[in-house]
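Next comes just one chain, in structure tokens: the form predicted alone.
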């Protein structure tokens, strides 16, 4: 079977290769009105579909080239797959990203509005990968670490830390690659909208599967007994609650709600993106609400920011989040709510980080 990305012929009028393409690949392309054009040469394939949130049939021409043009796409990053005779695979023309619990293709749609995650002529920090041995999981693990511009030169300076978690089906690479954390924080620091900080991108995948209490407790212990002590022993950071923040998206938001709310003596800032306790699972949600009700005064006193954000009504966590905030209101838990339309997607979470980071450590 011949299966390759089309690299022949002129690019479509008013379109250009996506920045997420592998080097030299002409497709997929982005049009001036933010549609995406996909072309794949696979003459022996019987059926080819594009899965970009919804499945679209591709059409094959006489030369064995399959093509489809999408509707206008929202700005930012989107996962996608090619479905070849019923089997989902990565596009050989695209860079791959760990998402949906597997490697998938991704396409980046330029943002016609603000340029807060664009590469600019400003001082840039670093993304580092650090291995550590976890006494909690008894295994070698790693996290991704953003250090701000000047970290290696300003050896007498100490920095606050944001610990941030990915969603289900992703890992610690998510915020570094799909999330563009370094560019967002670089640009905010350059504009003096955020203070220089370290960002620790934690692997939230624990040996205990799922989102149950056991998995949440293991993650809480990993954070408290492994990650934070390692960071504070090996990097120049300010080691008190007012200089620690915890945030996460989706699954990472649940981990923030659990580990953050139960440890407001460790974190003065909590960010919950596209998440909320399940309204139909009292076995899991009930103990969380009971803890908050019994500790409402302490939670309100210790937290400088309890920031909750959703991707609008199209976000799959919308209903759970609304029900959760209703519970918070009943318990007089103080929080700030924000919305950015876009559903349960990386464009929303990039915007969440952009806004949340400006509130930290001030």
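Residue numbers count along the first chain shown, from 1. Source: prediction; values computed, not measured.
Just so it is clear, the following notes concern the form predicted in complex with another copy of the chain, a form of the same protein that is not shown.
- Residue contact with another copy of the chain in the model of the complex: residue 234 places a heavy atom within 4.5 Å of it.
- Although the partner is absent here, residue 229 sits far enough away that none of its heavy atoms falls within 4.5 Å of another copy of the chain in the model of the complex.
- Among heavy atoms of residue 153, some come within 4.5 Å of another copy of the chain in the model of the complex.
- In the model of the complex, another copy of the chain sits within 4.5 Å of a heavy atom belonging to residue 131.
- The listed set 214, 85, 290, 115 contains one residue whose heavy atoms approach another copy of the chain in the model of the complex to within 4.5 Å, identified as 85.
- Of the candidates 239, 103, 218, 190, 103 is the one whose heavy atoms come within 4.5 Å of another copy of the chain in the model of the complex; the others do not.
- Stretch-level contact analysis of 71 to 79, 220 to 228, 169 to 177, 278 to 286 against another copy of the chain in the model of the complex, using heavy atoms and a 4.5 Å limit, identifies 169 to 177.
- In sequence order, 84, 85, 86, 87, 88, 89, 92, 94, 95, 96, 98 are the residues of 78 to 99 having a heavy atom within 4.5 Å of another copy of the chain in the model of the complex; the partner itself is omitted from this view.
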